[in-house]
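Consider the single chain below, provided in structure tokens and representing the form predicted on its own.
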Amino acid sequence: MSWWHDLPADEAFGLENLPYGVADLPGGPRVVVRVADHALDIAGLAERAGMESGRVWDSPSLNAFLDQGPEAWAAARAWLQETLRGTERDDCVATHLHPLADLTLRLPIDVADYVDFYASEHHATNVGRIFRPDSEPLTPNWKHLPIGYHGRSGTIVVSGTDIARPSGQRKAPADPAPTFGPSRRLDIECELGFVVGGASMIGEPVPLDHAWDHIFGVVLLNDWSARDIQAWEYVPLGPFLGKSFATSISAWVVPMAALASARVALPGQDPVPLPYLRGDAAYGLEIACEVDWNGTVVSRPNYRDMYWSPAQMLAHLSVNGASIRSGDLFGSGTISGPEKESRGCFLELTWSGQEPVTLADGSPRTFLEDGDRIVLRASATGANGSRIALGECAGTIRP
């Protein structure tokens, strides 16, 4: 039965979405594309169709496909949609569809470099008020450039991976000296992660109007953060051990082509950025997110509220001549809006622990306890009024 021809209009992983991932198939890990609650082995499908170019999908990561560039990405998407909408290859499609319930999903990319930005004015303002109550909440450079830090690519894990509570040095303002031990203020950050494809040479910046040619797709990202470790270490060089212990991403990479209908203007940038950060490519995305804490949705941030565009982030990342590679990943920074219920981390949501959140079971929470489970979800409007979902980004805290 060719059930994919009769998907309901509200199917969030329908033919207008077709996100890519990597799954353990009977012949080994391979690139797949998601169709509702199934994964399509596209290497197998391409082989049956006699496509030599399909070899890039016979791989345990998306990196070889990312190397092909935007024309190949568009051609692959068009071929997949045409094949799935037509009837000529229904038998072949059916042969290469696997129920997701029978599969293990892997990290979809071999992460090359990882950078995380700080692109929400609401988040940066709230954090500034919490950490520097007697100073201006935004640092003088914040509205002139997308601020970011370099993370550890080796500790990026796929959704569903348990997160071990990190240990490190902690020192509250009233403590006479630092102590060492497990973080007591473990937090999350609801973000988007942008997957880079194609390489540039050292010394050759990626200009703003070419940035989207290198942004293949988007994942949900949780930048787990140990706030007590972070607060003691971050001056003068910024985040280090408070964030490098783990970053979770969703298993599915939604191609940017699926999000064309989600494009929106930025909220407004004042002062006007320098010329290398100005242009039509500097737009945002309307992607509604939600943060689920042990089964209770505690926040609903929306990516449309972000101050800096993904294209501006990539242009700034490379403007000094830093090269990019397929498999690079850059995070948006915490997605937060103007209302309390749209704050994308618990530091903000509980105002540094002063305003606990009550979960559905009646338990109060400020920061994460052992056994707590966080699930990030997100969706956007797609072509023809469809709904585009990003895969869940989930993690459970263990001691």
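This structure is a prediction, so every number in the text was calculated from the model and none was measured. Start at 1 with the first residue shown and count on from there.
The form predicted together with another copy of the chain is left out here; the points below concern that form.
Heavy atoms of R129 never reach within 4.5 Å of another copy of the chain in the model of the complex, leaving it off the interface. In the model of the complex, another copy of the chain sits within 4.5 Å of a heavy atom belonging to E233.
Although the partner is absent from this view, L97 stays clear of another copy of the chain in the model of the complex, with no non-hydrogen atom inside 4.5 angstroms. Using a 4.5 Å cutoff between non-hydrogen atoms, T125 does not count as a contact of another copy of the chain in the model of the complex. Proximity to another copy of the chain in the model of the complex, taken as a non-hydrogen atom within 4.5 angstroms, holds for one residue of V319, V264, C92, A199, which is V319. A heavy atom within 4.5 Å of another copy of the chain in the model of the complex is found for exactly one of A72, A281, V157, A257: V157. Proximity to another copy of the chain in the model of the complex, taken as heavy atoms within 4.5 Å, picks out 134 to 142 from the listed stretches 98 to 106, 134 to 142, 287 to 295, 74 to 82.
Taking the partner from elsewhere, every residue among I147, T179 and Y276 has a non-hydrogen atom within 4.5 angstroms of another copy of the chain in the model of the complex.
Taking another copy of the chain as positioned in the model of the complex, none of the residues of 7 to 27 brings a heavy atom within 4.5 Å of it.
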